[in-house]
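Here's a solo chain for you in C-alpha cells, the form predicted alone.
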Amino acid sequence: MERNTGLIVAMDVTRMDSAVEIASEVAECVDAIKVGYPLVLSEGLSVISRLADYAPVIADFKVADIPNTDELICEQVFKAGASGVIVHGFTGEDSLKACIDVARRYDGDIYVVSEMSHPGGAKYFQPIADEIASMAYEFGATGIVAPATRPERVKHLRSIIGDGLSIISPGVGAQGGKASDVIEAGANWIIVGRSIYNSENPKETAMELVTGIGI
C-alpha cells in the first residue's frame, strides 16, 4: 500500500450503495478502504471489488483459525480483489504463516493485530502484544495493527518491530484517539470510520484528518 495521505477509511456500513457513495467522495483523501464483516455479510464479497475501484481494500476479518482454514479464508478474500487482510496472531506461528503464504501468492498484504483499540482490548492483548509483534516481524507480515487510543503502546510496539513493518492504527475520532499523536508515536496510517461515514460531509472530514496527520 502506497502512503500518500496516511488515512484509511473504515467502511463499517451495511449497504453497498452507502459504501460506494462514501468511497467515491473520499477516494482522493484515503490510501485504502477497510471493510469488515458488517458490510460483507450484508452485501457479499462482491463489495470488495466494487470498492477497489476507488482505493485498495483491506479486509478486516481478523482471521483466527487453524492453518488450513486460514489459508482458505485468505484465498477467497484475495480472489475477491482485496489488497490486504487483517489477521490475528494469537492462533500461533503456523496459522500466521499460512496467511502470509497466501498473501505472497497474490502479492497482497497481511496485517497482524497486536492490540485492539477498545478499552477491553488492553487486558488480554497487552501481555502477549510484544510476542505477536515480534512474530509478525519474524515471519514477514506487512505490518501490525496497534491502538490509536493508546499512543504510548504504538510507540512501544514500534520499538519492537523497528522500521521493517508498517503500523496501521484504529481508534482516531469516535474512540478518542488523536491523529497527530499516533503518527508521532510511530504509526504509518490511521484508520477512521464513524467520524467519516457519519459526517454530513465525509470528504471534508477526511481532508481535515489528513491535515491532522501532516504528511
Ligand code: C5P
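The first residue of the shown sequence is 1; numbering continues from there. Note that the structure is predicted; figures quoted are calculated from it, not measured.
There is another form of the same protein, the form predicted in complex with the ligand; it is not shown, and what comes next is about it.
Taking Val26, Leu51, Val154, Val172 one by one, only a single residue has any non-hydrogen atom within 4.5 Å of the ligand in the model of the complex, and it is Val172.
Proximity to the ligand in the model of the complex, taken as a non-hydrogen atom within 4.5 angstroms, holds for one residue of Ser95, Thr142, Ser83, Ser117, which is Ser117. Although the partner is absent here, Ile22 sits far enough away that none of its heavy atoms falls within 4.5 Å of the ligand in the model of the complex. Under a 4.5 angstroms non-hydrogen atom cutoff, the ligand in the model of the complex has Ala10 among its neighbouring residues. The ligand in the model of the complex comes within 4.5 Å of no heavy atom belonging to Asp70. Taking the partner from elsewhere, Val113 is found to have a heavy atom lying within 4.5 Å of the ligand in the model of the complex. Segments offered: 181-189, 40-48, 157-165, 60-68. Contacting the ligand in the model of the complex at heavy atom distances within 4.5 Å is 60-68.
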